[in-house]
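Take a look at this single chain in structure tokens; it is the form predicted alone.
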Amino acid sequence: MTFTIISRALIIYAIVLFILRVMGKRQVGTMQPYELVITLIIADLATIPMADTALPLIHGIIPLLVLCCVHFLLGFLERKSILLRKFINGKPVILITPEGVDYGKLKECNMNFNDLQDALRETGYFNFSEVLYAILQSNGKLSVLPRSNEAPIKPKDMGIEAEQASLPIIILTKGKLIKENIIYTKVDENFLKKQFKKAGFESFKDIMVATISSDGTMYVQGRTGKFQTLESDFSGSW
């Protein structure tokens, strides 16, 4: 009996994991309403065949696969039809305009001023007057367009030509090189040893994490002590 329960649990777990993987990598906070509903139902359905050994396993698997198909069908329909997309997902709602907070729209979304203020604070704005437009997206996230005098200053606003930012790639964790990232960045291991030695690390094993950017900047943190930022003559193309 115990083996049966364990095996059923592992099978259902594998199937649910597969379904969630093929459904996409959205986080719960960015899911559309139909995606969240399907995910919640899948989680509930998965527990039934795990616990009830009297239920044939196939009777638990079929509903999961059906919901997976429903997910892809709804996703296909919303891509093909704007009308269906609005019906399935809803549409964005403008809560703040240049005239101020639209209380009617706020009530339609079942929100109050405190809810709106909380959402604004999460975007970095604390006062309604700082915002030109605030739009509640169909997935529940709030997008904000600040007023010109409240927007963060950008280099181009000051006539400064800034260098293009580069993406740091993790090349070492817990003393072990990440081979696929070493190949991707085309960085030489001997080059890394020299750079780390300059920073006081005799071995890869002395390092907890290290990253490298395409401009040659390296972040290195040992197993003890503060991190170091190293500048090198390395030049990448990613």
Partner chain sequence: MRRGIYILIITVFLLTLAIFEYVAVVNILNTMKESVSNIRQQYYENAANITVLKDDVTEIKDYWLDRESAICLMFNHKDLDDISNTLTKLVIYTENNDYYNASVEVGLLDEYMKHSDHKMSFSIHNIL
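Please read these numbers as outputs of a predicted model, since none were measured by experiment. Numbering follows the first chain given and starts at 1.
Keep in mind that the form predicted in complex with the partner chain is missing from the display, and what follows is about it.
Check your understanding: Of A9, M23, L230, V16, which one comes within 4.5 Å of the partner chain in the predicted complex, counting heavy atoms only?
Key -> Exactly one listed residue reaches within 4.5 Å, namely M23.
Check your understanding: Which listed residue (T47, S203, T173, T53) meets the criterion of a heavy atom within 4.5 Å of the partner chain in the predicted complex?
Key -> Selected option: T53.
Check your understanding: Should M208 be classed as touching the partner chain in the predicted complex when contacts are defined as heavy atoms within 4.5 Å?
Key -> No, M208 stays farther than 4.5 Å from the partner chain in the predicted complex.
Review point. Does A199 reach the partner chain in the predicted complex if we count a contact as any heavy atom within 4.5 Å?
Key: Because no heavy atom of A199 falls inside 4.5 Å of the partner chain in the predicted complex, the answer is no.
Practice item. May I ask you to state whether K186 is within 4.5 Å of the partner chain in the predicted complex, using heavy atom distances? Key: Taking the distances in the predicted complex, the answer for K186 is no, it never comes within 4.5 Å of the partner chain.
Point to revise | Contact label in the predicted complex: V66 to the partner chain, heavy atom within 4.5 Å | key: Residue-level check for V66: yes, a contact with the partner chain.
Check your understanding: Looking at 147-155, 132-140, 96-104, 68-76, which one sits within 4.5 Å of the partner chain in the predicted complex if you count heavy atoms only?
Key -> Partner-contacting stretch among the options: 68-76.
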